[in-house]
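Okay, so here's just one chain, in structure tokens, the form predicted on its own.
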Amino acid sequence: MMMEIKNVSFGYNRKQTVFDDFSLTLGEGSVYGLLGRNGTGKSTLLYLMTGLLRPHRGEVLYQGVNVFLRRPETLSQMFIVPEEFNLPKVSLKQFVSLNRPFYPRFSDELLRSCLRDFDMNEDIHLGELSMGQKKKAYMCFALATNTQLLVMDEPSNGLDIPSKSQFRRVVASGMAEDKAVIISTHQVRDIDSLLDHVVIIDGSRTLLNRSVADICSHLCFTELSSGELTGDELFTQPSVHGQSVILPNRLGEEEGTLNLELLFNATLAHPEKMAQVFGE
């Protein structure tokens, strides 16, 4: 496994425990969606994964090495894009020149490709960009580092609708079998078509940790009118067209389209029922 989180406990103070005996494993070759209610520790978990926070108990291993040791050979293979960040008032070329030595797999070709996908060029000055443009430029650099682990916290915040579509294309184009991308977000509609794997946490509990293929082999996501409901539904919520519905995929033969928002709401509302669907 690329990332192993073993029996981790962490809190910012004695009264605020975020994780208690929390464990999770993540492999390579997938884009992971890390979902959870606001305040349930998603950002904290990302910082623990990348060695920016140290657990009080337990350990976080990246390819078998404790990330909190912060060894250069480990840090050079991971990159985090936090929700909020500041960039120096320098040109992108200067920023790249200063930071690329830390990442031995840095790719100029990948940087140029990402910039093109975002309708940007290499001659931009970071101090002259809007917040949305800064986020796009920083994500281009992050992808160009070509690290095996890329972690992004709320990456679509501040992006307009066309930029969100560009973001999905940029991330997909930078994927490879030896990489893993972890995206933490509450804007589930921005990433549902991008994901290979879904992890839903609620504090120290992992409510769901499944590949999209596995989810769709067990569940059908559809729209029905109120008169079409049969009672077999696992979860329903009102929609413009009537009811958004999750049904058991009893045949398990056809993979449908994932409705990530519906899955997220169902898992939070009925965690035990959803776990039973997957035989847990």
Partner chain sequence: MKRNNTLSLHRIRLLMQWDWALNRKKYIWEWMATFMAYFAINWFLLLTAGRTHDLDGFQAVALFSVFLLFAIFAARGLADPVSHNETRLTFLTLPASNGEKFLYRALFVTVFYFVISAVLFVMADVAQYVCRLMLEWGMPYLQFSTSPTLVTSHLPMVFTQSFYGMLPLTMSLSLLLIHATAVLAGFLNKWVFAVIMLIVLRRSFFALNWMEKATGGEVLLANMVLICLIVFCWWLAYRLFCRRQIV
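Numbering follows the first chain given and starts at 1. The structure displayed is predicted, hence computed values, not measured ones.
Unshown form predicted in complex with the partner chain; subsequent notes refer to it.
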property: Full three-residue contact with the partner chain in the predicted bound form, heavy atom 4.5 Å, for Phe106, Ser156 and Phe167; result: no
property: Contact residue in the predicted bound form, chosen from Leu229, Ala213, Leu52, Val65 - any heavy atom within 4.5 Å of the partner chain; result: Leu52
property: Heavy atom within 4.5 Å of the partner chain in the predicted bound form - residue from Phe235, Tyr47, Phe221, Tyr32; result: Tyr47
property: 4.5 angstroms heavy atom contact with the partner chain in the predicted bound form for Gln187; result: no
property: In the predicted bound form, Ile80 touching the partner chain (heavy atom, 4.5 Å); result: yes
property: Distance check, Glu128 to the partner chain in the predicted bound form, heavy atom within 4.5 Å; result: no
property: Distance check, Leu75 to the partner chain in the predicted bound form, heavy atom within 4.5 Å; result: yes
property: Stretch in contact in the predicted bound form with the partner chain, which is absent here, among 202-210, 90-98, 128-136, 111-119 (heavy atoms within 4.5 Å); result: 90-98
property: Residues from 147-179 in contact with the partner chain (non-hydrogen atom within 4.5 Å) in the predicted bound form; result: none
